[in-house]
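A single chain comes next, written as structure tokens; it is the form predicted alone.
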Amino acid sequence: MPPVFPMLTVLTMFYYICLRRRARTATRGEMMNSRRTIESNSRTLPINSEVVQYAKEVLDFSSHYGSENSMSYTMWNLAGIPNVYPSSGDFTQAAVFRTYGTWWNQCPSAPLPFRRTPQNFQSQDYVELAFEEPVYPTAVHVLETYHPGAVIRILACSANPYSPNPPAEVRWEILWSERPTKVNTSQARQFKPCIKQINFPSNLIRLEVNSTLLDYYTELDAVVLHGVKDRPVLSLKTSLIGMNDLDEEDYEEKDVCGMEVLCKQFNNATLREWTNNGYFDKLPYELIQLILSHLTLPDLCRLAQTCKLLYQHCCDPLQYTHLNLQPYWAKLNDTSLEYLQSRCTLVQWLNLSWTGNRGFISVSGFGRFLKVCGSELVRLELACGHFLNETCLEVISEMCPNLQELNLSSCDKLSPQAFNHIAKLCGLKRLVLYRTKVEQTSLLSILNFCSELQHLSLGSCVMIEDYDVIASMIGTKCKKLRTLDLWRCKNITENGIAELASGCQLLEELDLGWCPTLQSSTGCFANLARKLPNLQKLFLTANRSVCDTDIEELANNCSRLQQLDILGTRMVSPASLRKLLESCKNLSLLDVSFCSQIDNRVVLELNASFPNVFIKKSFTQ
């Protein structure tokens, strides 16, 4: 009689897999059980207890709709237990990113896209969350309470943010990713993607979002991390478990964009000797360069290993005039920059946004790179670059004499005095200081010396004491200004607006959202409409005093208007909106959310009459 033990072992494994599948779909109460066991062959085998935890702290994020000094609509609402879920609707207790839809890419302030951006990188914003206990993740649940569908990537980090000792190595692994997809509902949902298994415990989770397909702002309420303390024996990559799930090689991160590997390939490796390079020898140099210009950076790295001719082309500095390193933020470090230096001597556009955090890029490494590659720089993107300090800005001001565009969005760890160095960049045409600690004295100096500015973002700059003084300086010095973001400027008044409108008559875009000190009764909005006929985008978000007179002035004077946000006003009637829509033929976005005189019936009527305009009406359910 054959032994039965092999069969029992197989049954045991099958029973174990079934229990694990059940654990992933069980109720929260079942998941919190301290122990589960299976009985097999008169033995008890312990199974890892699953830990379920909400985010303890929000560590970092790229943008949010709310104010820096409150909790309404801020990323900080993602910490802790749900505030809203399972309710649906627009609630101030949720976390909301700054933008949605395609509108922000269609306005005058939108920067041109970088060439060679990989198609699989479509993240626009991110938020990083710390949890109490490091675990091997088995599930990540995102509670979305309004217009879900923005989350496109979830990553886990090996670094413990609560460890007193800095890690020897920091690794990021993608748990789940997907292209942006349209979700045809605005209702709340618990988003439960099937994540892959990783080989290290983590209590640092990162969500990356893309909101371009959404009809309105996405709102997130909480994030739940499920995991086990000990490394699981079996993988739980998919909800349907097959034999391939037992192969650990399937779960190795196939990071085709790993900069460490690719940059080593850039090194002067010994290439095989070939008698000729095939038909490539017969092609003009310029034609090969044109063909290679369509490849991504990783593809260039790989192609450089094929033959000496292509190695020469792939290392030609002309291939790197536009260099977008943001998609490789998780791998880019000092060594990567060192390898790229010799190829970036002619770089004109450089994107280092999101890169260098947690020690990946040092101040000295950044300085060495710019000393070699900064002379031709025209555009420098450094959004969320938390490695930056005053020395870095000093290096930028000295090594980048031709710089015209500088983005320091959400570089909220830069000291106030660091911004003094920006005043040396007299040729600046675009400056983004959203969510920075720039102070009034530094900003006045910048405005005084950078008179060529055409695009200026000062949204959520809470350290500025008197925005009327700033507006007066802008009106006096920045005559070429085309776009201005004053989102959540707490103290600008009609006096500052008057100075601005008189001095900057080329303005095409103006964001005065959530500026509570502006009152329509002073005539400030009507004055804007009369003085700024080129306006294409005007945001007066949450200004309760906007009235019919203001709308009629816009209709009479701003025929080029394309985007208008008057969310929250109680003083605008359907008749004035109809007049505006009839006059402004190019209008594509009209946000009348929470406008008490504009109900859904009115919106339906206006939509029927003006089908080319996206009219947004939002309300709390």
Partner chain sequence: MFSVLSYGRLVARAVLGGLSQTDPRAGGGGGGDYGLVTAGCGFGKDFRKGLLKKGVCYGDDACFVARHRSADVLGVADGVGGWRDYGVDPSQFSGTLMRTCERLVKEGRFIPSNPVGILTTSYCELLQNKIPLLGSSTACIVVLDRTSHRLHTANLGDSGFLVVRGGEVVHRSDEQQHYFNTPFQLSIAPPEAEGVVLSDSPDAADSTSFDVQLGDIILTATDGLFDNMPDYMILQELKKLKNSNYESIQQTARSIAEQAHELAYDPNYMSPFAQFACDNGLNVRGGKPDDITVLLSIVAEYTD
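This structure is a prediction, so every number in the text was calculated from the model and none was measured. Residue numbers count along the first chain shown, from 1.
Another form, the form predicted together with the partner chain, is not on view; read the next lines as being about it.
Though the partner is left out of this view, S67 does reach within 4.5 Å of the partner chain in the predicted complex, counting heavy atoms only. The partner chain in the predicted complex is approached by R570, whose closest heavy atom lies within 4.5 angstroms of it.
With a 4.5 Å cutoff on heavy atoms, L318 does not count as touching the partner chain in the predicted complex; it lies far away. Residue contact with the partner chain in the predicted complex: N77 places a heavy atom within 4.5 Å of it. Put simply, of F131, Y136, Y328, Y73 only one has a heavy atom within 4.5 Å of the partner chain in the predicted complex, and it is Y73. Residue-level contacts in the predicted complex: of H141, H386, R544, H322, one residue has a heavy atom within 4.5 Å of the partner chain, and it is R544. Proximity to the partner chain in the predicted complex, taken as heavy atoms within 4.5 Å, picks out 89-97 from the listed stretches 116-124, 524-532, 89-97, 289-297. Along 460-490, a non-hydrogen atom within 4.5 Å of the partner chain in the predicted complex is carried only by R488.
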